[in-house]
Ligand code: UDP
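Quick heads-up: it's one chain on its own, the form predicted on its own, in structure tokens.
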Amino acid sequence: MFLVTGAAGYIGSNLALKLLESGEDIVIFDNLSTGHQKIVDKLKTLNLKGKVVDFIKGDLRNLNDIEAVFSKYKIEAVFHFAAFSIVSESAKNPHKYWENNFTGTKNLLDAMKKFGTDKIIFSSTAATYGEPLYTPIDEQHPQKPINSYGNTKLALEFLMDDYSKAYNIKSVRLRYFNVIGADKFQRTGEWHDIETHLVPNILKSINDKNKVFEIYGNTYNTKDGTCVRDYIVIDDLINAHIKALKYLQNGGKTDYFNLGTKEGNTVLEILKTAENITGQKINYTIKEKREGDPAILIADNKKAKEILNWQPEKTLEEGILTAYKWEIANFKKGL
């Protein structure tokens, strides 16, 4: 049985679906501060091979909440997605991020130690690298975060190294670049009350004719002046988590991997692709550059390919199409 923290959110719910489709039973732990009860309800009612054994509404900042889960169930491994992740908010309110992301995860690790669970797959981030010194960015790139969100994730990577050495709790840290797309059957997708991600904001500009999509900067040293990012489709990201689990089950050591495609697209390229897929014109305006936004962020994914035997397979177009179908099927109906 597997514990999935943050499974009421975007990436956690997609991972939960994958486990259920594979016949695995899961326990969901979420405080619903950014996730959604309707996503949990949908996961619980799907007729899949595995089942949601329990949904426990709790908070990782409360050690008793998470210890109750391990006391009730024998957990083989943990998939840990529960975290705050809005970079701009983390700069304004670092206490919130350190308390939730760091203290909450330390409590989770302490509960694992107490009850004998020795495997965790952790949702980390390319934000741990900070300003890129070179691209594509490999795992040996210096880690110098420029915001509190990245700092909390990097600190947790160090903490997991210590727990691995001292308590034999093995971890795989997956450093995401930019994730796009939704479940192909529209059972779950990207749903944030405060949306900061590129693709859903572009698509919301289609659905809301009063909304104008904002591009921050068009004078970067790129092919069209807008930022270049590495976009990985959610299906490929989730498959990497499953391979990370198998890696640990087969005796793999604590390690870390970039998850990206090693390809980059500008903001305008993403916008034009969305126009081609939807057949609709997207209104946009150019705003000033945001402080700290690098011109290019692309992942070197060689390590994940070689050690996890993982390969991104979905195209950019497939990712945007599933995201668009999710918007149409769910948000216009008021999910």
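All residue numbers are counted from 1 along the displayed sequence. Worth saying up front: this structure is predicted, and the values here are computed from it rather than measured.
Although not depicted, the form predicted in complex with the named molecule is the subject of the following passage.
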Q.
Just to confirm the contact call: exactly one of 306 to 314, 40 to 48, 63 to 71, 287 to 295 touches the named molecule in the model of the complex at a 4.5 Å heavy atom cutoff, so which is it?
A. 287 to 295
Q: Answer for Ile146 alone: is it within 4.5 Å of the named molecule in the model of the complex, judged on heavy atom distances?
A: no
Q) Could you tell me if Gln249 has a non-hydrogen atom within 4.5 Å of the named molecule in the model of the complex? A) no
Q) Using 4.5 Å between non-hydrogen atoms, is Arg175 touching the named molecule in the model of the complex? A) no
Q: Mark Leu198 yes when one of its heavy atoms lies within 4.5 Å of a heavy atom of the named molecule in the model of the complex, and no otherwise.
A: yes
Q. Exactly one of Tyr216, Phe115, Phe84, Phe102 has a non-hydrogen atom within 4.5 Å of the named molecule in the model of the complex; which residue is it?
A. Tyr216
Q. The named molecule isn't shown here, but in the model of the complex which of Tyr163, Tyr129, Tyr231, Tyr97 has a heavy atom within 4.5 Å of it?
A. Tyr231
Q | Those residues of 260 to 283 which, in the model of the complex, come within 4.5 Å of the named molecule by heavy atom | A | Val267
